[in-house]
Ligand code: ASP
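Before any questions on how it binds or moves, here is one chain, the form predicted on its own, in structure tokens.
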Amino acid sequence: MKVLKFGGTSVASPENIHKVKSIIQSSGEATQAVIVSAFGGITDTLLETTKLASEQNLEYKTSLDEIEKRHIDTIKVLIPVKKQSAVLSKVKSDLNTLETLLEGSYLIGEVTPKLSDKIVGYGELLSAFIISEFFISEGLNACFKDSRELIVTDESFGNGKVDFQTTNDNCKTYANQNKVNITILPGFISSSKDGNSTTLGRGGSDYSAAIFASALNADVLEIWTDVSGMYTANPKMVKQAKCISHLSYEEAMELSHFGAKVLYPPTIQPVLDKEIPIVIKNTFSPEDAGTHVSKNTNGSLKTVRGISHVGNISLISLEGPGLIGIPGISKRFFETLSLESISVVLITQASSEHSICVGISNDDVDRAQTALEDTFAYEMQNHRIKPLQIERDLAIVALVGENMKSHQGLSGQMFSTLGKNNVNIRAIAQGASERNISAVIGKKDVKKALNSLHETFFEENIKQLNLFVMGVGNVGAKFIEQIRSQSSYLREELKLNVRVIGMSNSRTMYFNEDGIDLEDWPNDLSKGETANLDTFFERVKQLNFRNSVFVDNTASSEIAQTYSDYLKNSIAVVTCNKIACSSEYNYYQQLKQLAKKYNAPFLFETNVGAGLPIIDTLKHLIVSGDKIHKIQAVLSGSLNFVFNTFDNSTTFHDVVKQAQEEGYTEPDPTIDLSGIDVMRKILILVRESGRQLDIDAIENNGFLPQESLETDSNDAFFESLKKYENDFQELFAEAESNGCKLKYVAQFEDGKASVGLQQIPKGHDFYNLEGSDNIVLFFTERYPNQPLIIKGAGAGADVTASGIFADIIRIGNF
């Protein structure tokens, strides 16, 4: 004996009903009880129609016409023309009765729970009858049986309490007398002992199926729906979620209680005592294995079996000295909620007895507040209990697993994962069985929390990084290409899944929640919306992805001012833009403090030396207790390229132009040649060494004529270089006559910093510095005479992009 239940989506259309027939025919079971829901969407339509009628809104007739048309059209598709007459007659008779009930509601201007049950039950009655007639017309040995003749409840309309003794007797009697192989029964509906129609409440069709399975001692209960079982998390919110092959009854109840809508908690109870297995299958992919629910056979395989959540939660907290040591407070609190028929989803109470906190539905919070304030009015008036604290728009996330109690540290992992992603926990609940660990969080953080937890407990330690890239020009394009080309390596070797979710240039911006295709990103970006910094930030914040990283590949001061907004929202910042870290010391400090406070990395390795690990090395020196006494450095790849290339056979103008064209300088070359870029770099190194310094305290021994510095365009700047060509040639000639080379040097010593063009003699560490290379000499307590030297390519789009890439990897390992 097999019991099968098909949900609303499974019978939503004639095509789907044909699929149901195929499943039943291929079942291989001689005797089957098939429980069906109303056609998809009909129950909601019936409820809305009833509401309109009770409000004396004649639109209810239009809605009723739609319900009638839906069922009549289904009959005309499923039932052969010669057999339609009798079926149409019966359905129209039921629809006439339904119309009379709705008209009654319209006339009296209200709807009682008793009347509502009569009306809403017609969804299942009509679908079950039509499906049974279709099966019969197709030659199946089938019949229709009204569930109201079998399932008996009290008169708690809307959520009838089942009389199992009478119900079981009715089912057994029917089974003994029935000679038909396939019985089609409407789910959800039942009747009272006095013969009034009742319903079984939320998930009633599942519950009906479980009641029949238990009463008939079925071999298996199959729940057919539109997903292939219960998943490790909601697959609509967690794309990496996987179907769970096996669950214990207890695990399934916990997951279903906390929002896994594939199965409703009451469904399990009737079959649990008899250990009848439940199989959850997909009507649209019947070949999928689905989820098997049975007595615990998990053994020691998995600790956490699934992650679930309940939305639309509010917390009510009762606290005050009047709670401590006073018997009966909890009784009064929960009795008050019970009398208001308010379901408590979560309970937590401090061991000090100073407070009681419960989670309830947002829909119930106003009633709960009124009732509780009335119950504890005396204590509140005498200040023994504080006014109720209400927090709305929350959600509960829960880890579920039968064997969690046997493994240490799961709570720590859970809360650490949420903390790293700045998901604030408002309350915690964990039973002694440790089958469920629940946390109350903000509704806006649910998706991020579920994905973060799923990554921690189910995804083989693969960490997903979600990037939002500002600036996709020279450096940005190279960076994106490096991400694209290394994606497989990152996943396989470093367990990192790096996705670019959003990108922007100065004209357009583009977002894709599933990750931008890095093979064709220029085309996507060209079709994006108009670029706007505020809108870009709001979109990043709204998406609220875990492990979000804002990447700034620009030299914009306006963008640098937005870093604090990202960090405050726990969004990491990676930048090659030097402006933020070389701006006012207070802003630099603020960014560092925000990064700590909100657990959001702020990395800027490429601010000095492009891809060279200069800042990283400096940090390690400081962390290990070393102290910086002196820094000497050639920090401008642009200027080093210029003075390594410039000689008496070239012109200074042509060399600078070449440097700009090859990407060694900023778009505005005066930033490099004025020395301001080097000043920013030495300032950042000084600050990272633990010293407080502002840029106006750095001595700049510039070499450019004042006229060149004051030009207002690149064209004017280059024209000025031609004008002063003799001055530049004199600088070169003097250095050459002294056996020296020209290098633009930054230095910090005794609390003072300076930058300027120097003649470097042979034998000096800077003398043989070629091309656009950078070099830094750190003189420290541990390296007092022979400095620690870092040397290598310090300019160019490729190496700068690689430095940004390295910072992304650091965050991945964070």
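Being a predicted model, the structure only gives us computed values, none of them experimental. For every residue, the number given is its place in the sequence shown, counted from 1.
Not pictured, yet referred to below: the form predicted together with the named molecule.
- Stretch-level contact check against the named molecule in the predicted bound form with heavy atoms at 4.5 Å: of 382 to 390, 485 to 493, 203 to 211, 268 to 276, the positive one is 203 to 211.
- Contact annotation: of the candidates S754, Q32, T43, T50, the single residue with a non-hydrogen atom within 4.5 angstroms of the named molecule in the predicted bound form is T43.
- With the partner omitted from this view, the residue of F602, F135, F641, F188 that lies near the named molecule in the predicted bound form is F188 [heavy atom within 4.5 Å].
- Contact check for N774: every heavy atom lies farther than 4.5 Å from the named molecule in the predicted bound form.
- Residues of 24 to 43 that come within 4.5 Å of the named molecule in the predicted bound form, judged by any heavy atom, are S37, A38, T43 in sequence order.
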